[in-house]
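Next comes just one chain, in structure tokens: the form predicted on its own.
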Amino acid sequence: MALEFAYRQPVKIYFGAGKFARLGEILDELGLRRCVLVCGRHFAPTAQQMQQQDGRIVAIFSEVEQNPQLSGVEETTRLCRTLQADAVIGVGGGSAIDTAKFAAAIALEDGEPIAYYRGERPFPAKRLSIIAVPTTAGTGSEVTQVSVISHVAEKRTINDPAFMPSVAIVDPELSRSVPPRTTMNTGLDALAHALEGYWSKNHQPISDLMAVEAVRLVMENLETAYTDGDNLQARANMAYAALLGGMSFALPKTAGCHACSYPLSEDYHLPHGEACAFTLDSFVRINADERLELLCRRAGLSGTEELAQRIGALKELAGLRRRLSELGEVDLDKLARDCAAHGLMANNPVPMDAAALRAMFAQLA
């Protein structure tokens, strides 16, 4: 069969320790003069110092929640429009970056964010510049055109070219203050991105290469980053793994683990990375085939069973939830139906209907 694929990665990436200090130079390169900075509460003091030192940061929105809300998009959009911003800088995990991407995509029009969220209005061709600065090694949001936003009881994954960042600044030093549990959650999210991009029905060769390297890096560095957060080499390797993981699923998209993560987050309040990790070792065993065995060998593992066992061991090390009994009262039938109904489940190489998913979850009771 002739090799065929289409690949595109338009984000300019600055990677390395200390690169965040070049933000001012990057703003100069892009000719940006009025920026709204989006971050979480923990980064707010640093953001305020940055604003005092650089007048191009005209406003800060620092109320981003763990599962980012449309209300945060609304406030960021309001700031952008009121202050006539020309860029949005997202600093933090996927929550901050996804909020920044959504606001930047719609700020030049007058439509309400809810209309874009519900698909009632198309995202415009023109948008503000987006500078994505991850402080966790996990989501890969800095190199994808995806924004995951919640509104009331709904959580939507929106995929649109308008969300693609202009620049990504990946500075491993920013992740040194990330707590161990968050380090594990986000690291396993990066692993899920790589594995799901690799086994997605839409996988392609360039993405596959990045997925293999991302898996290798996670397997060799995540435990060290968790147990020794000041180990800059492990942090750098995990930041690189997360970047590769993001690029490895950006085009193929994720599959079963992420499909299951949404009900697990919405109904049982698991953080995103922990929700993805909850079924990751199960899906490794379900999706085991010659291709996945090859990935394991290339990543320095003996095979899929070792991969599954090591994922389980990492979850146990960090005290992540691994059993339904740890989630409280679970409606197993509803959970299975909701997971099966998610669109990403169609990307899984092994068909998984509600009955198959119920059987999988029953083993995790």
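Start at 1 and count along the sequence shown; that's the residue number. Because the structure is predicted, anything quoted here is derived from the model rather than measured.
Unshown form predicted together with ligand NAD; subsequent notes refer to it.
Student: Given that the partner is absent here, state which listed stretch (221-229, 107-115, 197-205, 180-188) has heavy atoms within 4.5 Å of ligand NAD in the predicted complex.
Tutor: The contacting stretch here is 180-188.
Student: Using the partner position in the predicted complex, report whether T46 sits within 4.5 Å of ligand NAD, counting heavy atoms only.
Tutor: Although ligand NAD is absent here, T46 would stay clear of it in the predicted complex, with no heavy atoms inside 4.5 Å.
Student: Do R33 and ligand NAD share at least one heavy atom pair within 4.5 Å in the predicted complex?
Tutor: No, R33 sits far enough from ligand NAD in the predicted complex that none of its heavy atoms falls within 4.5 Å.
Student: Looking in the predicted complex, any heavy atom of R285 within 4.5 Å of ligand NAD?
Tutor: Although ligand NAD is absent here, R285 would stay clear of it in the predicted complex, with no heavy atoms inside 4.5 Å.
Student: If you check in the predicted complex, is K155 within 4.5 Å of ligand NAD, heavy atoms only?
Tutor: Heavy-atom contact with ligand NAD at 4.5 Å: present for K155.
Student: Of V146, A234, A168, L251, which residue is found within 4.5 angstroms of ligand NAD in the predicted complex when only non-hydrogen atoms are counted?
Tutor: By the 4.5 Å heavy-atom cutoff, the listed residue in contact is V146.
Student: Considering non-hydrogen atoms and a 4.5 Å limit, which listed residue (H42, R337, R322, R298) is close to ligand NAD in the predicted complex?
Tutor: Among H42, R337, R322, R298, a heavy atom within 4.5 Å of ligand NAD in the predicted complex occurs only for H42.
Student: For 59-78: residues with a non-hydrogen atom within 4.5 angstroms of ligand NAD in the predicted complex?
Tutor: The stretch 59-78, when checked against ligand NAD in the predicted complex, contributes Q66, N67, P68 at the 4.5 Å heavy-atom cut-off.
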